[in-house]
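Read the single chain below, which is given as structure tokens and is the form predicted on its own.
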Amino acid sequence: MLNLSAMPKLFLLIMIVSFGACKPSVLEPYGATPSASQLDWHDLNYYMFIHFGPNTFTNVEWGHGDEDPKVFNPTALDCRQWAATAKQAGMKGIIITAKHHDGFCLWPSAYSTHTVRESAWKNGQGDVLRELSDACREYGLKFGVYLSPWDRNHPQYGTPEYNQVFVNMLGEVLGNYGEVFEQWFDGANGEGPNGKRQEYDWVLFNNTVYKHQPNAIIFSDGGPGCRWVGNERGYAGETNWCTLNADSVFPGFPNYEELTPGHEDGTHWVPAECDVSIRPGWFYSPDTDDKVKSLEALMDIYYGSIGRGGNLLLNIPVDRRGLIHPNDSIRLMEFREAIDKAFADNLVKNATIKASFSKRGYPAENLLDENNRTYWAADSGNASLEIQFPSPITLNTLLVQEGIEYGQRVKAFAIDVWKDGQYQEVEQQTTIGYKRIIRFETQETDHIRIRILESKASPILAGISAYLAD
């Protein structure tokens, strides 16, 4: 006979068991992980670098600091043109050389006599940082600044007092122009006008940045926000760890070749930023008007930077009018069109996916929802994923994203296509990180498989998409 008095307890027990079975597994982070600001930085992917200053007018790359400031006199400077060009090119922000090694300040600093205030531009009443920060806000772009601590003009450079001078300059730039998404520190350290080098107080400099801009990403060889990729060609390493032993790396780090792959099992999350100029030099020269990088070269850089989990910082040197030269802007638009065309049609949008196994609450279907904050999580390192298409497709590009919120885990993976009644491997790669774009010979298939060959912890992926790119 059924005991009706036991029904409430039985029902409660069933509910508890059912809830426990449906509750998602808890994902634990592995190793160093990105901050919220670093996650936002990863999402930017691509932004503009602008080198602009007296060097633009003297046709040199590194000025000596003894230039007459009146040489800086752009005839038609228009920061709105820069911002409009960046926006149309698909870029997410602009970083400008507010002060290069020559010490010339693109704002009227109270701590230098080598600034736009002493220039002929606008009779000394101009402020490039004001105009650019306003333009960035108007066009919905992030605003960033480069300040070199090296100063070949300032009389106090090479003395203990100069560090405070530089901090005061940082305070002006970071406190008066709105939000700054990235503070770019060059580690160059040479002689000043007194023939002495400066002992930089990087702890003081970084603390000053965070005092004024707590969410800013600080760039240098050792971060702490993001790191130099170790070359000026725009390429991350084929193996690219987002982690670094940051306590042993510093601006001006001599073993810069270590920065290209990063440090496996590094103590801090310090991802790679890939800087490169669209021309042979960083500053504008009329001699390079016909030497703008080809579309093919830029696309190769795209796959070698963003396609390897780095961010691309592409330098566009403003000319002597204070405008982006037509040769550069035309190539930027061609570049944007080529990227859009390559990734216009995501072939997995009508596909089905299954995993060898998944953690509870993190199914493989999450990988196809085009949301890189939803995840598939495996139970062990050697997992695999199969994607089946409704009908045969032609593809040559696969994009894979890792759930970096929980750390970088995948150390090696392979891609197979179904052909002639069996899977055939077409590519094998190492790290994934934020984003990995893999190109291979064009294949026709109705199945593809991704095999995780080695992972430092159970894999967590955030997205997969496939394309037929030119």
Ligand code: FUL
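Numbering starts at 1 and follows the sequence shown. Keep in mind that this is a model prediction, so the values were computed, not measured.
What follows is about the form predicted together with this ligand, which we do not show.
Asker: Give me the residue from His101, His325, Lys92, His263 that has a heavy atom within 4.5 Å of this ligand in the predicted complex.
Answerer: In short, His101.
Asker: Please identify the residue among Asp289, Asp300, Glu232, Glu118 with any heavy atom within 4.5 Å of this ligand in the predicted complex.
Answerer: By the 4.5 Å heavy-atom cutoff, the listed residue in contact is Glu232.
Asker: Heavy atoms within 4.5 Å of this ligand in the predicted complex: does Trp41 have any?
Answerer: No, Trp41 is distant from the partner.
Asker: Hey, in the predicted complex, does Ala188 get a heavy atom within 4.5 angstroms of this ligand?
Answerer: The answer is yes: Ala188 has a heavy atom within 4.5 Å of this ligand.
Asker: Is it the case that Trp184, even though its partner is missing from this view, gets within 4.5 Å of this ligand in the predicted complex, heavy atoms only?
Answerer: Trp184: yes, in contact with this ligand in the predicted complex.
Asker: So, in the predicted complex, is His51 in contact with this ligand at a 4.5 angstroms heavy atom limit?
Answerer: His51 belongs to the contact set for this ligand.
Asker: I need the one stretch from 80-88, 167-175, 102-110, 275-283 whose residues put non-hydrogen atoms within 4.5 angstroms of this ligand in the predicted complex.
Answerer: Of the options, only 275-283 has residues within 4.5 Å of the partner.
Asker: Do any residues of 284-314 have a non-hydrogen atom within 4.5 angstroms of this ligand in the predicted complex? If so, which ones, in sequence order?
Answerer: Result: empty, none.
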